[in-house]
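There is one chain below, alone, in structure tokens, taken in the form predicted alone.
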Amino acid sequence: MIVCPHSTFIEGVGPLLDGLVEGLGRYNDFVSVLAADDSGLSFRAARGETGVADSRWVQRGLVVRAQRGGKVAEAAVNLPEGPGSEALVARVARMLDELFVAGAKVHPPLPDEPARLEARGNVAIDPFETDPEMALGRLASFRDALLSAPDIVSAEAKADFVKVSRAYRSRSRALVQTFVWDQAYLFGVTRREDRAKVSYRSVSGLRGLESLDELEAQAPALASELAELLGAGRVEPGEYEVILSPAMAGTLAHEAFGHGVETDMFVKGRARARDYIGKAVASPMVTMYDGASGVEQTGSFLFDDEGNLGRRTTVIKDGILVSGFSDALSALALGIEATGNGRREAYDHKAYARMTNTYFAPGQSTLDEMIASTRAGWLLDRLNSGMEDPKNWGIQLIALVGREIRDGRFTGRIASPVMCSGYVPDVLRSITMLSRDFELGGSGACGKGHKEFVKVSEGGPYVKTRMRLG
């Protein structure tokens, strides 16, 4: 395995960060600096074309947070100026002065517990040191293999690799981390006469180009599924027993008590979950977590964008809503401990309380047992989208593949797409079985209010519950 080196910028920025903390510390009660230098490549093989470009997640810059008389302000700069820190200290000091004069919220003192830590990930095949034609050639072969199947009229293979390199300094903390996350997709469209259907496969993790092996292995199943979907019908609207695949169940967790327990939403009065801490909100067999540590996926890291160490937070324990997860400022406002969930889309964006890896804990059942126990229902897979209203607890998921179950067996009938909806506590309290299988996926991004995107993952076991379908 190849250990990921820190970027040249991050390797050399330490003295500058220390100078900023020392220089600005003369005028402020607290000072921290986050340096971000993320690079990435996006590979694509569509019909008749291939290409490689910079990833949308590329960034380089600094964000300074300062506290003065209880007020907190932040200033972002894209590139340090000059060989030393004096000019930059003066520039940032002016920016902060203007922000403090303009007004800022008053908070208790920001904590600054001592920590000096470094983390570097590893990959088997470094995507940044390998000839891009190798990745493009493999993706093109996946595309062409899918296009060779009957009735498939369009296919596309994509892969993104992003090297995250960050450093954080405060008076008491010196943290550095570098790792690579990956996501890759294979999409197909099948058409016969006036009927067209779409499906996909995706993989993700903290890996390099070796992730393409996993995507290639899933291509035959995708071709077979696309052929089946040409015969797909519709679900008669109504309430059914449903078995959610790990990806569908993970989105249920993400939407139900992910966004709903981001504690900055508690502060703003936009999350109903705040009134249910310590109360039953799910079946007693349900335990749910969020955390950047304990699992490895695209939402994993050593420290967040406010210098707090990643951890695992128990959100639901045995059906009881235990805790939300927080950024530093909402934690101060609520008088709770920050959980390492302060995340920014980029260095020049605000930090919010955001999810990392969100998932249900596995249960004791097998998938076969869950199917056998279903009298009239559907197995739902291939998430298309999900959304939730944290104020009113309504939830909606859309699956691209539904497989009908009657009297404990698949009937062979397929539906696509399938819309699932429900009231969050009803859906979670209706959970009767969870599988021993466990799977996390992080091939998408999470937005906050349709903006402020960050990488996350979600998943868990297969989950059996009841939902309204249509």
Partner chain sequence: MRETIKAVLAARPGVADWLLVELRKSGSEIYLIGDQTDISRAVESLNYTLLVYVDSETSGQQSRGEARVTLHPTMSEEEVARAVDRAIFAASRSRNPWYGLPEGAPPLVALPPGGFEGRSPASWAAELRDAILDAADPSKGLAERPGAMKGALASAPRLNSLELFLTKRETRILSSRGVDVGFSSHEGYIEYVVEAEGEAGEVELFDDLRFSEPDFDRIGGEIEGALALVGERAHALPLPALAGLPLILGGKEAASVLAWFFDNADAGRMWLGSSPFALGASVHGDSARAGEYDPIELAAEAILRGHPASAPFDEEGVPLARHPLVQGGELRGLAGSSRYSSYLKLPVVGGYRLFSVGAGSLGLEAMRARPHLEVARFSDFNVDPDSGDFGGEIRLGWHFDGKRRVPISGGSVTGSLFENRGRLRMSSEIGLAGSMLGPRNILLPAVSITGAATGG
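Quantities reported herein were computed from a predicted structural model and do not represent experimental measurements. What we label the rigid core is the largest C-alpha set whose atoms superpose within 1.5 Å from one form to the other. Numbering follows the first chain given and starts at 1.
Form predicted in complex with the partner chain: not shown, discussed below.
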query	finding
Proximity of E452 to the partner chain in the predicted bound form, heavy atoms at 4.5 Å	yes
Proximity of D54 to the partner chain in the predicted bound form, heavy atoms at 4.5 Å	yes
Partner proximity in the predicted bound form: D407 to the partner chain, non-hydrogen atom cutoff 4.5 Å	no
Partner contact for R311 in the predicted bound form: the partner chain, 4.5 angstroms, heavy atom	no
Non-hydrogen atom within 4.5 Å of the partner chain in the predicted bound form for each of A35, E86 and G342	no
Position in contact with the partner chain when the complex is considered in the predicted bound form, options R173, K317, R272, R138, heavy atoms within 4.5 Å	R272
Position in contact with the partner chain when the complex is considered in the predicted bound form, options V295, V198, A115, V322, heavy atoms within 4.5 Å	V198
Which of 117-125, 206-214, 184-192, 220-228 lines the interface with the partner chain in the predicted bound form (heavy atom within 4.5 Å)	184-192
Interface residues of 102-139 toward the partner chain, as seen in the predicted bound form [heavy atoms, 4.5 Å]	G103, A104, K105, H107, D131, P132, E133, L136
Residue shift check between this form and the one not shown, rigid core fit, K197 Cα at least 2 Å	yes
Exceeds or equals 2 Å, Cα of G233 between this form and the one not shown, core fit	yes
Rigid core superposed: L117 CA moves 2 Å or more between this form and the one not shown	no
